[in-house]
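Take a look at this single chain in structure tokens; it is the form predicted alone.
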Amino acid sequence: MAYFNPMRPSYIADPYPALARLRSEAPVFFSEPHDAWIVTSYAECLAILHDEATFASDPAHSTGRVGERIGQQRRKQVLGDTPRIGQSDAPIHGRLRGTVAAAFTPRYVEGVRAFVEREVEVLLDTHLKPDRPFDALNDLGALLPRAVIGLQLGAPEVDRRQVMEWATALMQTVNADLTAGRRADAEAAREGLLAYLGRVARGEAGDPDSLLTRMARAEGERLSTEELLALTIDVALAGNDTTANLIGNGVLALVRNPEEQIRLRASEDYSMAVDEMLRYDPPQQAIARFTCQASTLGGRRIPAGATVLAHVAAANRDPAAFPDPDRFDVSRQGERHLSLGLGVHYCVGAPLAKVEAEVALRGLMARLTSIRLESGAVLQRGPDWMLRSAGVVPLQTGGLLRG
């Protein structure tokens, strides 16, 4: 009998055997405990992500337990039900995305590649030593996105730290039961961030050519005050963990497939390798959608107001779309993985995240003759099944560092 229980330790450690069974037995499956439809086949996930009229991004379309829970969470938030770029639909989504899109175009990203390369070298010089443990996730993957976001914010280091603290204080109200103290902290963060953004808009702080300045000056024209705050939070925080985990999961895939390390060193096609890492073990395992109207998917009737999880990690391993899908292949070609979404909701930060991962991996492989885990290292995946994290990726350095 088909079932879906992502909280089991065996699933957290390796979800793909369980997902393969579910896809084989019930590719469109209703999970009563989650009050959600779990979709694991490539064709059906592709259909969901393409059909924005039926499968909306805004959770307001959800009914039942999921809708009630989301409503409760929104009422507790300091920002209330302010639209978020990843959880909104046309025309709101287009307006929010248009405000930040220029800072994530391939042309812009290529312009910051040199900065990313310098930052990777600094991080490796600082942390990669023969007499010191090196954690590829926390000493490289987690630190690199923060530096790049700092560049985009265009604020001096002391201001940047404060902006990140304010953004974190506001973000932490999203899923938490707010105590009086936490709400007071969030309210203070809201006022502090608004005041700083006002200074940025007037040219009194920050880089006048930065993304933060562009956003601050859009208030009143394209953005409401609350939308400006929400977008600032998303830019400051949203991509950090996913990019870090892309790098961590990717390094771990190379550790476990040493023959692919050899092939990657020979080809030096890090762009293709990063796409395979996204397919093979994506940091964002599923994408939530909410039905605006009743629909039929994979022969199952899905009512309006339903929550649907397009399990892209499962779809990326569907043998109907990918030959030998459980094999990690740095030169894989063929169908497009779904890890970054599709269409108007394709991840706006994808070009930047991919360049960060490419440069980080290239730098690491240039420094180490072989990428191997520390002897006796114990890996423990993060507990959140939707956001797959390696936790730590401790690498050997002794005898493997290039001279």
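Start at 1 and count along the sequence shown; that's the residue number. None of these values were measured; they are calculated from a predicted model.
Another form exists, predicted in complex with a small molecule; not displayed. Remarks below refer to it.
- Residue contact check for I287: one or more of its heavy atoms lie within 4.5 Å of the small molecule in the predicted bound form.
- At a distance threshold of 4.5 angstroms between non-hydrogen atoms, S339 is in contact with the small molecule in the predicted bound form.
- The small molecule in the predicted bound form comes within 4.5 Å of a heavy atom belonging to P283.
- Interface membership of C347, defined by any non-hydrogen atom within 4.5 Å of the small molecule in the predicted bound form, is confirmed.
- Partner contacts here mean any heavy atom within 4.5 Å of the small molecule in the predicted bound form, and among 317-325, 162-170, 91-99, 248-256 they occur only in 91-99.
- Site annotation in the predicted bound form: the residue of I149, L137, A186, L193 reaching within 4.5 Å of the small molecule with a heavy atom is I149.
- Shown without its partner, this chain lists I38, M365, V359, A353 as candidates; in the predicted bound form, only A353 has a non-hydrogen atom within 4.5 angstroms of the small molecule.
- Within 4.5 Å of the small molecule in the predicted bound form, a heavy atom is found for every one of G86, A238 and L278.
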